[in-house]
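Okay, so here's just one chain, in structure tokens, the form predicted alone.
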């Protein structure tokens, strides 16, 4: 039972940080109706920004996150404003051109980072990296616990922003019906730019929280794109509560798979869940929440 509890607690803590990253993809998907396959690359760029702050100026990763987030917000706004927006009103043979563009952005960002930092594996070692504390018989890693709490704080702040502010309500209105929002006076083009920037900032936040736990290299973005996509499908496209539940579910599933099967098959568990959800629950957890 102690081993099971250890696996579940570790999965929940990790899943909370996964969920924060996936919320950025979910937010963009809900408003713009496209799958941002550059999302993982934005996570990776945010991690490198935090890494530079740590290596060059000794800024703790949890503080460097507040440097990475504005930078990624600006980068996300620029990508949306000058690249994706150009395809919104262009008729083409392939309506998926916006998605293909995000693939191109992902490749460019990955190779630019590789050009600067090479493909070396890097890591961040802080004074608390190896520290743990115990809850009953369960050992809890300090960076995982702190990262989870910060991720939940950001999740609650995002909820307040979307439900209590005029800009947040405009984002929700645009997600529900873009044309109706336009008729009601919402500046939808501005909202989409800000939304993409927010998605990128959330990606940077999640990546910074995971930096003390993961090795860093340019291709790590592909891993987070896959995880974000799985969580988004699992939670139900465009659902923020679904993304939170999906992130926790994926974290627990990976932890149980690593504990009872093999560490080498940890990521395979997520892919199996992805296939099962597509086959038997195509609406994701959102469809279950809607029935209640």
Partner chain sequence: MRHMLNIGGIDVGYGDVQVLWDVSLEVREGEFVALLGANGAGKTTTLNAVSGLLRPRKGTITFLGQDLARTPAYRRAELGIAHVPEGRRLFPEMSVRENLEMGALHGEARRKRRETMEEVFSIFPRLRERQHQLAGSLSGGEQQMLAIGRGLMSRPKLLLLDEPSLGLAPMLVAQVFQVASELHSRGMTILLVEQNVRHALEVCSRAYVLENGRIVLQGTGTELLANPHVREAYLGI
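Numbering follows the first chain given and starts at 1. Predicted model only: the values in this text are computed from it and were never measured.
What comes next is about the form predicted in complex with its partner chain, which is not displayed.
Considering 186, 220, 158, 194, which brings a non-hydrogen atom within 4.5 Å of its partner chain in the model of the complex? Exactly one residue meets the criterion: 186.
Of 176, 132, 123, 126, which residue is found within 4.5 angstroms of its partner chain in the model of the complex when only non-hydrogen atoms are counted? Of the candidates 176, 132, 123, 126, 176 is the one lying within 4.5 Å of its partner chain in the model of the complex.
So which of 205-213, 146-154, 160-168, 67-75 is the stretch with heavy atoms within 4.5 Å of its partner chain in the model of the complex? Stretch 160-168 is the one.
Tell me, yes or no, whether residue 181 is in contact with its partner chain in the model of the complex, where a contact means a heavy atom of each within 4.5 Å. Yes, contact at 4.5 Å.
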